[in-house]
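Next comes just one chain, in structure tokens: the form predicted alone.
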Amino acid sequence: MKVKVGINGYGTIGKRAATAINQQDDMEVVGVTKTRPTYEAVTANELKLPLYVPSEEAIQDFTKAGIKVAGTIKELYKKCDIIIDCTPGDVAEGYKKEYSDAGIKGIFQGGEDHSLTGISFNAMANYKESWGAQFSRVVSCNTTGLIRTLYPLDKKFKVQNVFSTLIRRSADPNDSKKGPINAIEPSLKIPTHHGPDVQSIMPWLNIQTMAVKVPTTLMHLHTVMVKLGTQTTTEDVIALWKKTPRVRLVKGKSGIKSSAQIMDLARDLGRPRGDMYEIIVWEDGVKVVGDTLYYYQAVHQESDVIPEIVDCIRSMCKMEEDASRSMKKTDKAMGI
């Protein structure tokens, strides 16, 4: 029997989660929500995803726009076992109460604070912590990216400390309200929230982060310096990442020198929406000097958390006890 999943907020993350969930054979999307009759609501209709709205009044607005509505969000709660909350910031607390009152589970996104759920999720690093939980939080795209490469390093080489600078995209590609910006803007709060967010999954890790916003919409890029507790070589690190799920190594020598070529690669691979779910590491940009490892990685902010959401559903709904098996199942269905 498939787990029934609702998605509250059919936007950048929500629509990708819907596609990924419906690719799995053990779960299905039973409804998505929109607050306004936008093109994404029209797309939901075209994809035959039942569409729910905030209120009876909103039904009239959508109907006038020619968009078919299945009911209100309260009716969606009755149809699902778990809901993926992809709503904007500052409303999650209210929705959490609604989910609780409805007796359903809820997964929140990394834009919310860890304290909202008390549990943060990464499939590789702490899958079992969300086992059977009512609420969990899949950490942000950048946090997911850092954990994907740092967790296996820490397991094998005992990471002593990490320093990373995040070169951040200014907005998502479809967000004309925020960008493009003709500037380079430093984050003046030091450290940025990314280090503590990594520690919500790996509390023992000594990590510091800084960030700079730049005029691009394609991806984030991280420069990472890691002090290792075990002596190793560049080749050993590369070999480790080649075996790590959801990490893809590329080479500048082969023509992939920037985020633009990475997104072109995703399109060439035939990925839905041109998404790159893996964290990209430049193999020819990896270097161990003494006890310090240096590397660059790229994060596709619209999609790297999507397989994590799928695995989080399995953990919270007690569908698959083994993290590795869940990840393999997810990745095979998504073509990762």
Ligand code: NAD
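Heads up: residue numbers just count along the shown sequence, starting at 1. The shown structure was predicted, so the numbers you read here are calculated from the model rather than taken from an experiment.
A second form of this protein, the form predicted together with nicotinamide-adenine-dinucleotide, is not displayed here; the remarks below concern that form.
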Could you tell me if Asn8 has a non-hydrogen atom within 4.5 Å of nicotinamide-adenine-dinucleotide in the model of the complex?
-> yes
Wondering, does Arg148 line up within 4.5 Å of nicotinamide-adenine-dinucleotide in the model of the complex on heavy atoms?
-> no
Any of the heavy atoms of Tyr95 lying within 4.5 Å of nicotinamide-adenine-dinucleotide in the model of the complex?
-> yes
Could you tell me if Asp264 has a non-hydrogen atom within 4.5 Å of nicotinamide-adenine-dinucleotide in the model of the complex?
-> no
Establish, in the model of the complex, whether Thr12, Lys34 and Gly111 all lie within 4.5 Å of nicotinamide-adenine-dinucleotide, using non-hydrogen atoms for the distance.
-> yes
Sort through Pro203, Gly132, Gly89, Gly103 and report the residue having a heavy atom within 4.5 Å of nicotinamide-adenine-dinucleotide in the model of the complex.
-> Gly89
Listed residue that, although nicotinamide-adenine-dinucleotide is not shown, lies within 4.5 Å of it in the model of the complex (heavy atoms), from His194, His222, Arg169, Arg246 = Arg169
Choose one stretch from 231 to 239, 153 to 161, 248 to 256, 169 to 177: the one whose residues place a heavy atom within 4.5 angstroms of nicotinamide-adenine-dinucleotide in the model of the complex.
-> 169 to 177
Using the arrangement in the model of the complex, list in sequence order the residues of 249 to 265 with any heavy atom within 4.5 angstroms of nicotinamide-adenine-dinucleotide.
-> none
